[in-house]
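The data below hold one chain only, encoded as structure tokens and taken in the form predicted alone.
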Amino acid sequence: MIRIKNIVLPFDHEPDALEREIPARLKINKSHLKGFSIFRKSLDARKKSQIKTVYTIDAEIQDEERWLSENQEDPNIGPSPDMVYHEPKPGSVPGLSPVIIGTGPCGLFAGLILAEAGLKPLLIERGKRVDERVRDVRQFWESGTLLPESNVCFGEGGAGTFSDGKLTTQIKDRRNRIRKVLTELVDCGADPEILYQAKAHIGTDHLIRIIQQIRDKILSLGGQVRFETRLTGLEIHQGRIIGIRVNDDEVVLANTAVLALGHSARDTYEMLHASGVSMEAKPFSLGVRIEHPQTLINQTQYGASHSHPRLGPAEYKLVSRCPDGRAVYSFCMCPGGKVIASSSEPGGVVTNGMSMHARHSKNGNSALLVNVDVADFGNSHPLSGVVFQKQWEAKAFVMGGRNYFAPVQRVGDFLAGKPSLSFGEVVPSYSPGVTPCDLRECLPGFVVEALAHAIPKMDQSLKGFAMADGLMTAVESRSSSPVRILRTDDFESQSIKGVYPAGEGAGYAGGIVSSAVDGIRVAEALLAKLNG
């Protein structure tokens, strides 16, 4: 196969445009093109009057080796690299199966790799199966009845289940682990377009089905999955794990445990710290969800072509630097989505964003976050970031009315320094409900100052971002873990042998793909150790 980069076509090109463009780029007769596939597809909307689609193509042609030997002058054309993930060698664990705590992307893919290698892992999940979990989450959104063990943060699939399902990542990957993740998602029901779309996403409605398929594949390979099974203790002998305690009174023998925790497993962090597992506080971010009409975002990003069906709902990514050096940035933008209640424990309001696959909701929203440093926590205790999060989530709970309503303020009122009493063009999408207020009463002062500085600056890049009727919903506090569970270069805990911290909750990933890839890396490390 020959890889051709930077094929640029109008975004509304004819269906056969690539079939004509590929031979032209290769300077071959059309009949010599045997076939092709799209490796990468992205949209270039920097010039709104000339929106382009940019392709990277893998083409199969006649006499490929001869053509390559005679045509080496174009840096955008060359042999297609190997895109296959090479499975690690099979292994075996004498007597005991590896245990994986958590069934988010990290836990599921660690489990899948180990199951494919013949190790028959046991996955435990404190929450429920994803189909049961969906019903509990809907009940919370409708009535404000929170179940601490079955919510947006806890349950099969992890926190990413209720999100936009973004598959973008900035991690480096030379072993095609990302390709492995995407291929498995497609095999389990995802749209094949995720293999090449530059800004691929799945959507909550599709993720629910896909997660069940991944679980079924692990089970078919001899793995086990236990739900409503919470890790409550470690059994340790001479610095090595010999078992785990679940649901307070059951011991499961184990000499290998992968900690694929979510970023909200606060009680588990406390137990691990008390058990001597080395960890430290780490920076994270805190802020709000900001919500605009999706049509405004489309018009700003696409101009006159904003309503063309090929373009779909537009996204944005914004960054601003404050005078004191703090960064303010948009994160996990959800086109055509809604702001959701993501609390995982009583007495706190937490927000996030979610989109269905079609992204058909009226509003678009994004986290608008400010960097929080460890120095802001007040002390260096490993769990000081958790305490800091809880403080502001509790304030949001009180401001909202103590019933999981979220405090909300119009952007115009926020910039003017006055409380909101009502709403305008933008109707809040958060449920079970919202309370208009002054967000200065439930956000740290430095966050308020940073947001007030950044929003007008961001409006210069995305016209309408500072629209008066835009809405800010507090508090967005769970964009990443406030804890890092320390591990060695071999992925093992620095303090307890046989324990492998992994994924977002352990502080080593952020998002669906990077979490899944970290789970794969940990599984590979386990297999490498078993194979000597």
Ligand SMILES: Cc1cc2nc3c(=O)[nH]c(=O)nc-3n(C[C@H](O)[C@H](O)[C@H](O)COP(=O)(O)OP(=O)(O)OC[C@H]3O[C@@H](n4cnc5c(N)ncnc54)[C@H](O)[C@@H]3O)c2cc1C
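Note that this is a predicted model, so its numbers are computed, not measured. Start at 1 with the first residue shown and count on from there.
There is another form of the same protein, the form predicted together with the named molecule; it is not shown, and what comes next is about it.
The named molecule is not shown here, and in the model of the complex it never comes within 4.5 Å of any heavy atom of residue 366. Contact check for residue 258: no non-hydrogen atom falls within 4.5 Å of the named molecule in the model of the complex. Residue contact with the named molecule in the model of the complex: residue 510 places a heavy atom within 4.5 Å of it. Contact check for residue 389: every heavy atom lies farther than 4.5 Å from the named molecule in the model of the complex. Interface residue among 268, 435, 197, 183 relative to the named molecule in the model of the complex, by the heavy atom within 4.5 Å criterion: 268. Here is the short version: of 152, 349, 288, 114, the single residue with a heavy atom within 4.5 Å of the named molecule in the model of the complex is 152. Shown here without its partner, the chain carries 279, 328 and 482, none of which come within 4.5 Å of the named molecule in the model of the complex through any heavy atom. Only one of 453 to 461, 102 to 110, 211 to 219, 403 to 411 lies within 4.5 Å of the named molecule in the model of the complex by heavy atoms, and it is 102 to 110.
Taking the named molecule as it sits in the model of the complex, the stretch 136 to 169 comes within 4.5 angstroms of it through a non-hydrogen atom at 152, 153, 154, 155, 157, 158, 159, 160, 162, 163, 164, 165, 166.
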